[in-house]
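So this first bit is one chain, no partners, the form predicted on its own, shown in structure tokens.
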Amino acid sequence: MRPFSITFSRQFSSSRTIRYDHILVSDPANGVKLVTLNRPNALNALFTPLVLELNDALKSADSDTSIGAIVLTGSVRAFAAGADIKEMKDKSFADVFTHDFIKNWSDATLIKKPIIAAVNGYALGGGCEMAMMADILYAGENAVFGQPEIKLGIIPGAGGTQRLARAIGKAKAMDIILTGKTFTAHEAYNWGLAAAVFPPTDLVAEAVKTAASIASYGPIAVHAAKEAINYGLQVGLDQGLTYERRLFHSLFATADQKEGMAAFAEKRAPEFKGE
């Protein structure tokens, strides 16, 4: 295994050039950052060096004012086939508990900008959990999801028991997690986990298209909408409705609200500036 490294190269602009070992980063459309998991010889199995690179790339995109949405994907064969067992197998309870092992695997949920997971192939264990951390999940027709940790003598540890149950209900989540069996892209769609299913060759392009559409809107409103939905899932309906209404009210203090409504009245395209 190569040692983990992120190389920073100084440029004349304020942007930074980064060389990653386990992910690829590109800008496939205006306002869109595409992050691709890239461990082809390990079916994109997740391990600490990859997660650290991923977290860095996501935080960088989140702070980049030219980016409005992020697409996270893997290869046609695998989004991420699971966590790298070689990294975990010799760890002790004291080790994982003391260092809160895999806590930072959930840092994607701290990103303010919308993340679309474009899932082809295997999304098992940690890969399934990472896909569920996204705000929108698009699946290729060949996608295979599952939480097979029970077969290893453990349970999901990066949100599998919590997010899957919230997404598809207790009964189906119990059935999947306690048996370790997999489920298909169309099952994920029918159960409400996936927002759409596409042919594998079209998947990333469709995700980028959606991300570009989101990026064309006012970023303050986009952030507020994401925040309102996520907050509402954690509280009761009355609290969620109050929080939504307050965010709605607050947007009337933005220039984007004035521009958006003026453009609608004047029958022209709005020019949002994030102000």
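Numbers for residues come from their place in the sequence shown, where the first is 1. Keep in mind the model is a prediction, meaning the values are calculated, not measured.
What comes next is about the form predicted in complex with a small molecule, which does not appear here.
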| Would the small molecule be touched by all three of 114, 212 and 219 in the model of the complex, meaning a heavy atom each within 4.5 Å? | no
| message | So, residue 204 and the small molecule: in the model of the complex, are they within 4.5 Å at any heavy atom pair? | response | no
| message | Contact with the small molecule in the model of the complex for residue 173, defined as at least one heavy atom pair within 4.5 Å: yes or no? | response | no
| query | Would residue 167 count as touching the small molecule in the model of the complex under a 4.5 Å heavy atom rule? | reply | no
| field | Heavy atom of residue 86 within 4.5 Å of the small molecule in the model of the complex | value | yes
| Just one of 185-193, 73-81, 134-142, 91-99 has heavy atoms within 4.5 Å of the small molecule in the model of the complex; which? | 73-81
| The single option of 45, 51, 35, 69 touching the small molecule in the model of the complex, heavy atom within 4.5 Å | 45
